[in-house]
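Shown next as structure tokens: one chain only, the form predicted alone.
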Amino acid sequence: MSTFATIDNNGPLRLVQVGAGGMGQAWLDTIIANPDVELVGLVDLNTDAAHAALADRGLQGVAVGTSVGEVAAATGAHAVVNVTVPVAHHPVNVEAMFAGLPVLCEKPAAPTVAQALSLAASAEASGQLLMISQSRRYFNSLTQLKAMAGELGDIGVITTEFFKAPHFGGFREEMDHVLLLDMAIHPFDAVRHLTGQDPVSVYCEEFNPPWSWYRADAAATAVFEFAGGLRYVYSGSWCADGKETSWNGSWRVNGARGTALWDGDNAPTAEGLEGAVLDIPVSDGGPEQIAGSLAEFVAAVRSGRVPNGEIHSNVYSLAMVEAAVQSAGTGKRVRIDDVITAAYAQALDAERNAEVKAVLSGWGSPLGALSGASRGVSA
């Protein structure tokens, strides 16, 4: 893989945010609260909404526009935070990176693995960092669980139970594969984070309980095999009233030397062989959720250290979702590498940017490109 440029400036990192909708509001508050960054521009197709969001926070002197490239150039921005809807992630990310700006983008990287591969190649062609904000990696109690998992020896089985009953209204209640596409990517990504392993295959079933208020399947069970041989079992529903789990789900990690449990909210607990109580590492109390994503992004673009969610690695989390959807549709076990290989052919065929297409072609195999050497060096 190519390296990404770093930024060495005095003072806060100057950011342009793209997207002033519901999630954009949360990101605005997070940026304001971080002294290492400064909001200098806000981009949205609805400029009235952008002006209103700034006025609500008493922010003055922030440029507003509809083009990330134009606003970034006018403000001397150092980086972009992309909080647009998923279908806009690819064009916004590409525009920003080829304007010489690293990007922190809301998940998912793109609606399809093929577009995510295009983004990985775009990051290489432009020499810029693209980091996907998998914000649910940033829970201090999950960090404790990861440390605890490292003490359990070889891991055999990890399970996540996710049962919530949100009445969203709007597009979520009408979309296909709502649980898998909109929510399951978080635990799918988290299990990669916990284990340091990538998935091999998945068998998944989707269904819709008779009382569901969703148009399409809102419940699913998936069994993943990982490279080290462990099995990850995800079982969830978005129409499950009563005794709901955390938004992070309820986790069990079983290894050769014991078992750890995590309720998704509090510190994990663990028990070793013959009932021995295992000590849980102390939390470092770092920033959580999107504040954690932002802090790691800033550290990455200043140091060149490859962050969690770097686009090449993040492709595997998106591929887990796409493979689960395929398995549910076909009733068959689906190999993750097959999904990525098919997406690579689609990406090559669809790519119109000559520089990006050259990078894609140069990979030969996407699997080698995604698992290549770590990226990051001062520019």
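All residue numbers are counted from 1 along the displayed sequence. The model shown is predicted, which means the values in this text are computed figures rather than measured ones.
This next part talks about the form predicted together with a small molecule, which is not shown.
Partner contact region in the model of the complex: 41-49, out of 340-348, 327-335, 41-49, 55-63, criterion any non-hydrogen atom within 4.5 Å of the small molecule. Taken together, V18, G24 and S135 are fully in contact with the small molecule in the model of the complex: each brings a heavy atom within 4.5 Å.
E106 belongs to the set of residues with a heavy atom inside 4.5 Å of the small molecule in the model of the complex.
Interface residue remark: H89 is counted as part of the site for the small molecule in the model of the complex, having a heavy atom within 4.5 Å. When contacts are judged by a 4.5 Å heavy atom cut-off, V233 does not count as touching the small molecule in the model of the complex. Although the partner is absent from this view, T84 contacts the small molecule in the model of the complex, with a non-hydrogen atom inside 4.5 angstroms. Residue-level contacts in the model of the complex: of H177, K164, H186, K146, one residue has a heavy atom within 4.5 Å of the small molecule, and it is H186.
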